[in-house]
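First comes one chain, alone, set out as structure tokens in the form predicted alone.
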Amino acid sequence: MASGILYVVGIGPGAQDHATPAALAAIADAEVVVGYTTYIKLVRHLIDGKEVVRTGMTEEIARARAAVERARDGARVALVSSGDAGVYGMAGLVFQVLGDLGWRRGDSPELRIVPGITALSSCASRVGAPLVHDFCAISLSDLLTPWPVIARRIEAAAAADFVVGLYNPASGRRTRQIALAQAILRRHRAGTTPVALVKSAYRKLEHSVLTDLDTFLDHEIGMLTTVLVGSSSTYVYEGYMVTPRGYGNKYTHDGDVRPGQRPGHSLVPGEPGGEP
């Protein structure tokens, strides 16, 4: 029996222009394409003549098992996931299924993980440059992670002044968590902190709002929304959300080094532009 191949493919935000050539090549090579119904629709123009296995929301385990089993039988299989399959995607579940089966490197199927543009990256590109300095991502879905754990992570990220990307912020049955997240964040940063709400970046129903920490709950927020909360240094310029990298701490606008600072060396405490 021929050794199968399992491609775990991040298709990006959905538009073919933002899928990598490697992702497109993996789908083209596959005989079987497995995915959540919505994601299959995003690549339907790429899968004519292929066997397609669709599953609904909350059927992730069945989806991963179907992909692994077909690949173990010798097929070339593409398991598609939006964004990057390794970021809140299917890659981790694939390893869980493979582990349950006792799979080892060198066994069938051959595993190939193909990265994609994440929701964090695609949404950020729609509103400016909010992720230029340190940031983190936190999912507000408590279906698999207890809320106290999520709340502790939000508290830590807020206290550390990260730009925070919130995935899965709300749904029809889950609206409390985003309000609790706002309350935690407001304890650590100003109500005027820029916040971007981006729904379905690069898809037909795309919608973006640039607002602030005090008022962002006044806008519609759902499962297809990514919430980007700025750090204390994030600002709005010409309708764009920008987080500075920190060049102004060391260099003037002309590119000259500030007094007391040296290129390629740590900021000097107590000097102009240095740490206090």
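Counting begins at 1, following the sequence as shown. Since the structure is predicted, the reported quantities are computational estimates derived from the model, not experimental observations.
Another form, the form predicted in complex with S-adenosyl-L-homocysteine (SAH), is not on view; read the next lines as being about it.
### Message
Only one of 113-121, 188-196, 149-157, 70-78 has heavy atoms within 4.5 Å of S-adenosyl-L-homocysteine (SAH) in the model of the complex; I'd like to know which.
### Response
Among the candidates, contact is made by 113-121.
### Message
What I'd like checked is whether P130, L213 and R245 together line S-adenosyl-L-homocysteine (SAH) in the model of the complex, meaning each has a non-hydrogen atom within 4.5 Å of it.
### Response
Per the other structure, none of P130, L213 and R245 touch S-adenosyl-L-homocysteine (SAH).
### Query
So, in the model of the complex, is I178 in contact with S-adenosyl-L-homocysteine (SAH) at a 4.5 angstroms heavy atom limit?
The answer is no: I178 has no heavy atom within 4.5 Å of S-adenosyl-L-homocysteine (SAH).
### Query
Is L166 close to S-adenosyl-L-homocysteine (SAH) in the model of the complex, meaning a heavy atom pair under 4.5 Å apart or at it?
Within the cut-off, so yes.
### Exercise: L46 in contact with S-adenosyl-L-homocysteine (SAH) in the model of the complex, heavy atom 4.5 Å
The answer is no: L46 has no heavy atom within 4.5 Å of S-adenosyl-L-homocysteine (SAH).
### Interface membership of Y88, S-adenosyl-L-homocysteine (SAH) in the model of the complex, 4.5 Å heavy atom rule
Output for Y88 is yes: heavy atoms within 4.5 Å of S-adenosyl-L-homocysteine (SAH).
### Query
Out of V236, I61, V52, M223, which one falls within 4.5 Å of S-adenosyl-L-homocysteine (SAH) in the model of the complex, going by heavy atoms?
Exactly one listed residue reaches within 4.5 Å, namely M223.
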